[in-house]
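Shown next as structure tokens: one chain only, the form predicted alone.
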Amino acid sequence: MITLTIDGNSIQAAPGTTVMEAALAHGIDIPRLCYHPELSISGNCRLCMVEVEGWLNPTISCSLECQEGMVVRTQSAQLTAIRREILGLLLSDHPLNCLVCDKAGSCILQKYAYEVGLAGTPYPVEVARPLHQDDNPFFIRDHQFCIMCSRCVRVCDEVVGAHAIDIAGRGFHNHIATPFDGPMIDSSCVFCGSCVQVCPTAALLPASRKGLGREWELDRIKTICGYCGVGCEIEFAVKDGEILYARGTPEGPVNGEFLCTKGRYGWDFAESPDRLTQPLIRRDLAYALGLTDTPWALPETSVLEVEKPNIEDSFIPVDWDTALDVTATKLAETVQTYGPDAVMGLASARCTNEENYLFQKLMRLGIGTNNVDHCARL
């Protein structure tokens, strides 16, 4: 292990560990924009500069490997001045409309400008990238907010492997682009939204949350994604009981902060008006069981052939105890009359591994059949 000192704290780090990694691991925050723990080192924002005792000039900490006996300072008057200068240059090419920006409250550029007391920029303001692209249903690309940190490019290449975007152009007018600046749908993008997840500003935003609330107004609810058995941790941003968007969390033990397309964008079923929220029993069975006084018979046209059937025409709601009693009774009668292979179980890919395990156990041991399938395979 290597022993070094950061801001007066004696720290031990493994060989090959960077000063940034060692500092963050011990609760020492170093300002950073282009750095992300899951991505390769870019070093283009220069905001993470630190002073090393015995070195003539400050250097960036994200690519600086720890050395034995190194003494590092992450805060000083000189470093604050450097960071103010860097942020001032970034803000000269960035709209200062935080009052109406959807990312206000979670924008990292805004956070660091506040920390160094920078209300504006001392340089002439000229936005080089005015392009606004709303060409897909998942996220919006607003290039005027882009600070060219390249996080989105790196996550698309290194984590997702889609290589859908890259830096195009040169100098002041460079920008993040698909091939020939075409629509995102025509690129190799898989719409996983990982680029949106790592974007530090409002350059990339979920389309579902545009104009629907400020970040500090949103409640955060962590749960497990219901789309497959991997068990990814997912966090929903909720306002007034409605989901605005989903994202991963760095603490997620399975997935970290990255999600697939279904996990990040496929949550609208939770608020679908067609979603069943209580058990239903078909009206003819309900009449036979004395749960309703209205007789009913199956119509000649199958409900499955009706484009938008009214569920209340064929079913009545019941409580869970009644539904479970009826289901258990009918299953037992069917098995006794026709044998266990007359029954089939269809599980859901939106259940957890544990729930599906119990379901197949019920079918195989409780009922005695191997007729088990699930919706994701059909």
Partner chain sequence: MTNSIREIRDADCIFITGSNTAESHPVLSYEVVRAAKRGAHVVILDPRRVPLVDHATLFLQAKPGTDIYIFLAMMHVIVREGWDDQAFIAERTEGYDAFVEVLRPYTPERAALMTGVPIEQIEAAARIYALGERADGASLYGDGRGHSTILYAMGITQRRNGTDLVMTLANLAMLCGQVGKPSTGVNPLRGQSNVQGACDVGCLVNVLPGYQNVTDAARRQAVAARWGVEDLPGAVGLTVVEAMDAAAEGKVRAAYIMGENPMLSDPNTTHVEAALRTLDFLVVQDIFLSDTAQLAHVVLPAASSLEKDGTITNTERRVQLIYPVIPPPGVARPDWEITGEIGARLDERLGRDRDPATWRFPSTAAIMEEIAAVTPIYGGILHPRLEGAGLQWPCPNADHPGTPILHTAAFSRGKGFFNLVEAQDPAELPDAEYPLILSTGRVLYHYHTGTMTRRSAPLNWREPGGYVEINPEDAAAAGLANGDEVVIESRRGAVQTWVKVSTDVPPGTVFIAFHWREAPANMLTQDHTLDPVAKIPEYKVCAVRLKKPHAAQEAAASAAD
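Here the rigid core means the biggest group of C-alpha atoms that line up within 1.5 Å when the two forms are laid on top of each other. Residue numbers count along the first chain shown, from 1. This structure is a prediction, so every number in the text was calculated from the model and none was measured.
What comes next is about the form predicted together with its partner chain, which does not appear here.
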- Query: Just one of S76, Q278, T294, N97 has a heavy atom within 4.5 angstroms of its partner chain in the predicted bound form, so which one?
  - Reply: Q278
- Note on the structure: Partner-free chain; cross-checking its partner chain in the predicted bound form, the single residue of R84, R214, K210, K262 with a heavy atom within 4.5 Å is K262
- Query: Should N136 be classed as touching its partner chain in the predicted bound form when contacts are defined as heavy atoms within 4.5 Å?
  - Reply: yes
- 4.5 Å heavy atom contact, N356 and its partner chain in the predicted bound form: yes
- Query: Can you check whether T369 is within 4.5 Å of its partner chain in the predicted bound form, heavy atom basis?
  - Reply: yes
- Query: Does any heavy atom of E115 come within 4.5 Å of a heavy atom of its partner chain in the predicted bound form?
  - Reply: no
- Message: Using a 4.5 Å heavy atom cut-off, which of 68-76, 262-270, 195-203, 101-109 contacts its partner chain in the predicted bound form?
- Response: 262-270
- Going through 84-99 from first to last, which residues have a non-hydrogen atom within 4.5 Å of its partner chain in the predicted bound form? none
- Message: Using the rigid core as the reference frame, would you say E312 shifts its C-alpha by 2 Å or more between the shown form and the other one?
- Response: yes
- Query: Core-aligned, does G213 move its Cα 2 Å or more between the shown form and the other one?
  - Reply: no
- Message: Superposing on the rigid core, I want to see if A22 changes position between the shown form and the other one - specifically a Cα shift of 2 Å or more.
- Response: no
